[in-house]
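The chain below stands alone, shown as structure tokens; this is the form predicted alone.
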Amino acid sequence: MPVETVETHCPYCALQCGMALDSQSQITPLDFPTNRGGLCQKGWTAAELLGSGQRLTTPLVRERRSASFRPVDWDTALEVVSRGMRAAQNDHGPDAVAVFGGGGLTNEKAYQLGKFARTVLRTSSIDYNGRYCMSSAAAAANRAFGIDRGLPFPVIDLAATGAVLLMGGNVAETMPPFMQHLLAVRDRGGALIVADPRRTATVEAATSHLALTPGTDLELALGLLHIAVVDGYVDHRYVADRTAGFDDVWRVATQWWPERVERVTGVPVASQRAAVRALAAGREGRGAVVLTARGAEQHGNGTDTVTGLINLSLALGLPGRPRSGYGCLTGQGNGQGGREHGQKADQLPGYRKIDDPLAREHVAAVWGVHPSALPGPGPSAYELIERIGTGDGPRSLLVHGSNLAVSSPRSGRVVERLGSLDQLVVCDPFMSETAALADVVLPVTQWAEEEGTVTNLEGRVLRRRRAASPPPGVRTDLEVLSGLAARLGHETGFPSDPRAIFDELRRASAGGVADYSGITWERIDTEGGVFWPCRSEHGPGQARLFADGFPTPDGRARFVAVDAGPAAEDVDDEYPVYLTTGRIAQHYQSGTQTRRVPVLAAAASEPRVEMHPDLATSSGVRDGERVRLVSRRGSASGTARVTASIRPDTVFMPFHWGGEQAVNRVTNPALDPTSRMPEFKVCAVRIERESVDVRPHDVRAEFAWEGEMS
């Protein structure tokens, strides 16, 4: 048979690299603006999951947690789920059923999940794993600029700029094709400055490394602003004409003189001054950009940290200038679109606030319900989990596109909370650690087996095209929601056709901050993606924001005064070492997908614990030896990797594994007061040598069920 090829996008990070997938499951990279013909090893191997022998292909049900799963037909499975939801709500009210979504779901799925929760279940208990990823940067951008779009300019603008400060990102491993845009800055004589406690692969390519102590990102941001003011780099005309609130910000920053910042952060005064000088020189030349990623954002003060860096960019006069500004590197594949259309606890489609009467009226009209029927804001992701098992907490939980037993902080506690549910339902292509805890597991399609749209880190809406048929017995998430809605009394309003859902999403988002009303599937196909906001089918999407003002009531950007304080948990005699976490090149998020790709699993079969030679010596640890990190919340096991690329007071461990190897058993659930983002990036631990061998985590060996899985 002839080989057919479909152009689509990678299923992993928010770069959404362009690729072609043929009917033989062969992948070819495309010359798409974000990746320019490049792919990372995860992208190259993405198609291997489509034919994986570990796919779930039939619904699985069990009557009690101690029993094995048994395969059932779809009608039986959906009836079990709907019956459990009705029982929970009849006994305990609407919020007794909760929904947990994911930043990898398509726009159509995210939209339909939010609509399902609020009109069928009428529950306020809905949030998603993007709360763990982008919420701090989103909150900071919204209050400063009046809009949250990861990059307010196309990614190709970066290559032409003159200076980039990247705070807390290791893109050489997390999104390798992105590096070509940063390397172009360096190769043209510009400055590439990276702030990170580790000497990562990204740092190796940089012109300058700010090796700060974990948890001191905000102090560094305040110090850089102090230098910008004192050394004369502030663009006073820009500040006067386009912003408000600078004086309040300066009153705080005046206390963070360079020598104090060096004592707190460990970054030398000379390096601080050089960084600000390079950004100012870039501004006067080709442009300058400040970027943040999870290293700066996943803190108990992450919103304020990002705000401090936005304040720096505003003081330098960057946002709205050509090839300049502030941007956030969105992490998950649809991390941008996933938070715009209703699966976030406090938002309705179009990035509308759920407690805004006009927003409620508009969306309710599209949904055909009265505004008063819509629930109000619900608890954030971790708070939702913490409420499970309490008097007014959820009794039934529906999970789409998330492995919260691995990705949540203090994950041992999370597993306990999940175990107290009356009903846990998980939709997943694979038996994830969360699915293995469930009462009902529903097998759903993967990225190349369905149609839909996603929105990448630039705010460019793209088409995810079907290139392969799913295994028999597998349904889409949209079909699952349609079937559940019908069984819960809503036989109309929940189609499974993604194009029909996108057309409704367009109407629901019209007039909102994230306005998709002018975007159609046909335009996406013709134009190679369309930027939002796009308010008319006859007008272009807005690729570059802020040139003519900010979407705030007075058109001005807001300086917001923030000050630094101690980390939620500092080191002490009992727990004397800082732990920071992150991703590595071979794996993605909780590893549910990538740990099942043989070549990736072989390259990184277990987590490594990076530590400095001095720390290894003082701890009595040898390279390659098994160690355990212990915090006040739990412990996690990995293999020591002794390297001079990390600070002597810090260890690093990636979070892609479950069981005893899950580093989130150790991390701190202290929440940012604004974004409700947990403190993933710094906590206090001690190092213990392992006395017994800990095998790599294998869900299939740990949990059993009756019948065939594939």
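Residue positions are given as counts along the sequence shown, with the first one as 1. This one's a predicted model, so the numbers in the text were calculated from it and none came from an experiment.
Not pictured, yet referred to below: the form predicted together with a small molecule.
- For the options A296, L314, L348, I385, the residue carrying a heavy atom within 4.5 angstroms of the small molecule in the predicted bound form is A296.
- With the partner omitted from this view, the residue of P429, G287, G150, P319 that lies near the small molecule in the predicted bound form is P429 [heavy atom within 4.5 Å].
- Using a 4.5 Å cutoff between non-hydrogen atoms, E450 counts as a contact of the small molecule in the predicted bound form.
- In the predicted bound form, the small molecule sits beyond 4.5 Å of every heavy atom of W657.
- Among heavy atoms of C133, some come within 4.5 Å of the small molecule in the predicted bound form.
- At the 4.5 Å threshold, heavy atoms of L105 reach the small molecule in the predicted bound form.
- Partner proximity in the predicted bound form, defined as non-hydrogen atoms within 4.5 angstroms of the small molecule, places exactly one of 402 to 410, 549 to 557, 229 to 237, 521 to 529 at the interface: 402 to 410.
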